[in-house]
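Presented below, as structure tokens, is a lone chain in the form predicted on its own.
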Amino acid sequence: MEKVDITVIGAGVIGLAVSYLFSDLGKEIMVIEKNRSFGQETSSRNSEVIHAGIYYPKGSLKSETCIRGGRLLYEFCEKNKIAYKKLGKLIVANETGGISKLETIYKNAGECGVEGLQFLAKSEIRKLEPDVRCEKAIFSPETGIFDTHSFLEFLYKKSKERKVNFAFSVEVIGIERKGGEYKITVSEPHKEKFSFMTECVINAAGLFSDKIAELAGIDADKYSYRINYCKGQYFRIRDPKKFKVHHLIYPPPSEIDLGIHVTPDLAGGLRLGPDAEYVEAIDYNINEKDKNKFLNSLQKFLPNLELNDIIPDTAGIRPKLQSEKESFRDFVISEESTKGFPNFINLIGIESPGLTSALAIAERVKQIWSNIR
């Protein structure tokens, strides 16, 4: 039976970052992806934002990997000529409750080590963003945007150049611990089944990462690994020249998301969203009636926005560990020896800021792998 050293399940941004960082080890690496190409789900359906790490609790994986990952990502884009802009971001508030939220966010970000944040008064905000109306704002100079497709493509091509093997349109249907290794069974494009052995499994399956853990024999409910689907829709401003928006503009966050925000993109457009709604199944359709919800939310700080300005764009699904009734849940980055699955590394619940965190998460996985050798 064929054997490889390391198997990565999933070719989204996390799987690609892992394969890229592992590709200099001289090991036989196989990346398995059920879709026809890389980055077809959460990795390509997002705001393309490089986050500064403002919101997440001190010491959490989300905080630490976001701050570290953002720095790595800017360096990576600069070195490899991947388009990006460090636009800066305003978190804006009007009513008293919103302003007190800003104060909490500012204090937390400082404790986490986020640098460069400033509180801005109304007059300062008007100079930066004349079309935005708010009483106060936090300005984050380290927040930016980048070309996610070029980033994904670079990771993929460099991994391939370094002899990483990719199998697309191939779905993992079985994982069995056998003689100190893992037997992986997959279903190929024409439903043929094929099995091979591997020493190490890295579960980077995103929306299906809980299912992959269960295939190996790990109880997703017992260990709170169950993924909840949270859908986010994006709309776009029909004529972006109507508004002078130069920075990312965010409201204070809710318990489950960062709020419907305005994001200038690299092509000169203005994206709106995402919103957040827990759903039972993966569905990328956009409900055009939700234009009204977007309008009502955005008019609080962009008062000249009209319903006719808003057109549909795209939608994505967040793989959340946090249920609708829960508060903060952190990433799972766990080598599972204590559960009886040595050399099995689970990466579960990698939602926002997972794109920003990708290179830092891959660093941690590589360190975990080194420690268990």
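For clarity, every value in this text was computed on a predicted model and none was experimentally measured. Start at 1 and count along the sequence shown; that's the residue number.
What comes next is about the form predicted together with a small molecule, which is not displayed.
- With the partner omitted from this view, the residue of Glu41, Glu64, Glu336, Asp309 that lies near the small molecule in the predicted complex is Glu41 [heavy atom within 4.5 Å].
- Residue contact check for Glu171: one or more of its heavy atoms lie within 4.5 Å of the small molecule in the predicted complex.
- Using a 4.5 Å cutoff between non-hydrogen atoms, Ile91 does not count as a contact of the small molecule in the predicted complex.
- The closest non-hydrogen atom of Ser352 lies within 4.5 Å of the small molecule in the predicted complex.
- Heavy atoms of Ala137 never reach within 4.5 Å of the small molecule in the predicted complex, leaving it off the interface.
- The three marked residues, Ser47, His51 and Ile317, each reach the small molecule in the predicted complex, with a heavy atom inside 4.5 Å.
- Residues with any non-hydrogen atom within 4.5 angstroms of the small molecule in the predicted complex fall in just one of 321 to 329, 338 to 346, 25 to 33, 301 to 309: 25 to 33.
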